[in-house]
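The chain below stands alone, shown as C-alpha cells; this is the form predicted alone.
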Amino acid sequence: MREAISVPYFGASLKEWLFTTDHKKIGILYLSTAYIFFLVAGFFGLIIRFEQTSPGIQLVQPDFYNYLLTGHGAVLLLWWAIASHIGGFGNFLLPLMIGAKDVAFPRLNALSWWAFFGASVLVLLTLIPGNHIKMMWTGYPPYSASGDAGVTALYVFIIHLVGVSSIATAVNFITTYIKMRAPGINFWNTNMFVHCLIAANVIQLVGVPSLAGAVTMLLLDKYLGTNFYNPAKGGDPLLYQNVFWFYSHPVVYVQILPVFGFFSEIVPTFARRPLFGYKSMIFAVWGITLLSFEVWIHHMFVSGVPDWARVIMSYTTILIAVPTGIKIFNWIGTLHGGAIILRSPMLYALGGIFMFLIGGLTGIPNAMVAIDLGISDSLFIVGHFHYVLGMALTLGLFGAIIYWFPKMTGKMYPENLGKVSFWLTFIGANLFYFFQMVVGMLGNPRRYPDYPPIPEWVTLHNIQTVGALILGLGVLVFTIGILKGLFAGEKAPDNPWQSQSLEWQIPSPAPVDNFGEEHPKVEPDYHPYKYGAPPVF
C-alpha cells in the first residue's frame, strides 16, 4: 500500500490507469480522449471548408459531406465542449479546489468514464462505410427516421451512453461539493470554476433525461414502427424539436459555464487583482442556469410555433444577456488597475473573452424574431456559434491546459509555443468565422456542399479557407507544445503562477493522495483570489 502511494499518479502502470478510481487519472483520461476526438473532428471541419472553397463538388460527395457535418458537430459538442472540461478538468480540479481527497463516489466516477469510453467506441464504428450517420448532430425527424439518415441506432446509443456518463458525473460532483469540502471552504470563498462546474452539472441532471427521451422515441419510431414523430399517422416532428431543444439549448451553458470558470481563475492570477464583483459573478452564474431552460424556442422561430411563444422566448433570450454581460464587465473590472502579465494562459483567456463578446453581440439579433426569420439556417448562424461556443470555448480550454499543465504533469508548457499557437489560432479563427457571418448575411445557406458561383460568395469562401489553414496551423503548434512539454518540458515548481487557490498549495504534479490523510488547513480569511503584490515570475 505504501509503495502504491509513493508512485506519482501519472507514473502508474497501464493496468492502474485502466482500472483506476483516482479522480486525477480519470480526469486526464477524459481530457486525453476528448483532445484526440477534437483533432479528428477538426480534420473533418477542414475537409468541409476545402469542399466549400469553390462552387461545385470538389472533394466529397454530398452523402459523405453529410456524414462529415454530423461527425464534426456531434463530436465537438459532446466530446470537446462537454467531456474535456467537465469530465477532464472537473474531475482533476474539483477535489483539489475544495480540499477533498477524492470525489464522493470514486467507483461511480470510474463507471462514468467507461460509459463515455463506450460511446467513444461507437463513434469510431461510424467511421466504417455503411455505418455512417448523416442526420446532423440534431437528428431531426422525419429525416433521421428515414433510410437516408444512416444508422440511427448508433446515434441513439451514443447519446444514451454519453447521457449515463453525464448524469453519474453530475450526481458525483454535486454530492462531492456539498459533503466533502474542507472546513473553512464555503459558498462565498469557493473558486468560480467550481461554482460554474456545479451549475453546469445541475443543468445536466435536469436536462439530459429529456434528450434521452427524445432520441429513444426516435429509435422506437424507426425500428419498432411507433409514430411519435410521424405526421402521417398522427405524430408531430415538432414534439422532437421541443424536447430536444429543452435540453440542447441549456447544454450551451453546460459547455460555456466551466470556460467562464477558467477565465475567472486565470484573469485574476495574471492581473494580480481579486476577481472584481465575485458575489455578483456567483449570482450571474446561477441566473444563467435558471434562465437557460426558458429560451429553447428561439431555435424554432421558423418552425411555425405560435407568435405568443416566440415573443416570450425572444424576451427571455435577450434577458439572459444581462447575467452574461455582468461576467464580461467583471473580468474587465478585474483587469482595471492590475499588474497585467501577458503569459500564454492570459493571452488565451483574453482572446476567449473577446471571441465570446463577438459571439454574444451577434447573438442578440438572433433573439429578435424579425431578424432571425431572415438569417435562420444561413452561414451567419454557423459563424455566430463558432465564435460564441467553438472558439471562445477552445481558447479557454487551451489556456486552461497551459495554466494547469504544471499541476497535471510536473512540467511547464513551452511558453514560446504557447504564444505562437495563440496568435495563429486567434488570427485564423477571426478570418474564418467573421467572413462566414458576412457570407451568411449575403444569403449563403448552411449545410450545403455546393453554392452558386456568385463572385462575392467565392471571394468570401476563399478568405475563410485561408483563415481555416492558419487556425489549423495554430492547433498543430499547440499540440506540438503539449508533446514537447510532456517529454522535454522544464520541471515545474509547485506554484509557478503564485496563485492563492488550494490546488497550487500542494506539490506539482499533485500527489496521489492530494492533501494527505487530513483535510488541508484553511485559514479563516482564505480566498482563492486574495491577490495584491506583483509576482516574481
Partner chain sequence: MEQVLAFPAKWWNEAVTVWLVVAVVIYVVVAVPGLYFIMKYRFKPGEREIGDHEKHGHWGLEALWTIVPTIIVLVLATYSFAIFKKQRTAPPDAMTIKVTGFMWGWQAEYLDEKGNTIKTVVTTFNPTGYEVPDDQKIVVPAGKPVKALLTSLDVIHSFYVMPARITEDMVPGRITHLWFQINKPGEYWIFCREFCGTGHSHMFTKLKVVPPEQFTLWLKGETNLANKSNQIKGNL
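Positions refer to the first chain, counted from 1. Predicted model, so just to flag it, every value in this text is computed and none were measured.
Although it is not shown, the form predicted together with its partner chain is what the next lines describe.
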Is P237 a contact residue for its partner chain in the predicted complex, using a 4.5 Å heavy atom cut-off?
-> yes
is_contact(P511, its partner chain) in the predicted complex, heavy atom dist at most 4.5 Å | no
Classify V206 as contacting or not contacting its partner chain in the predicted complex by the rule of any non-hydrogen atom within 4.5 angstroms, answering yes or no.
-> no
Might L224 be said to contact its partner chain in the predicted complex, defining contact as any heavy atom within 4.5 Å?
-> no
If we test each of I427, I340, L108, L125 for a heavy atom within 4.5 Å of its partner chain in the predicted complex, the one that passes is I340
Of G213, G184, G73, P142, the one that lies within 4.5 Å of its partner chain in the predicted complex (heavy atoms) = P142
Select, from the options 396 to 404, 450 to 458, 100 to 108, 193 to 201, the stretch whose residues sit within 4.5 angstroms of its partner chain in the predicted complex by heavy atom distance.
-> 450 to 458
Who in 351 to 389 is close to its partner chain in the predicted complex, meaning a heavy atom within 4.5 Å?
-> F354, L357, I358, L361, T362, I364, P365, M368, V369, A370, I371, L373, G374, I375, S376, D377, S378, F380
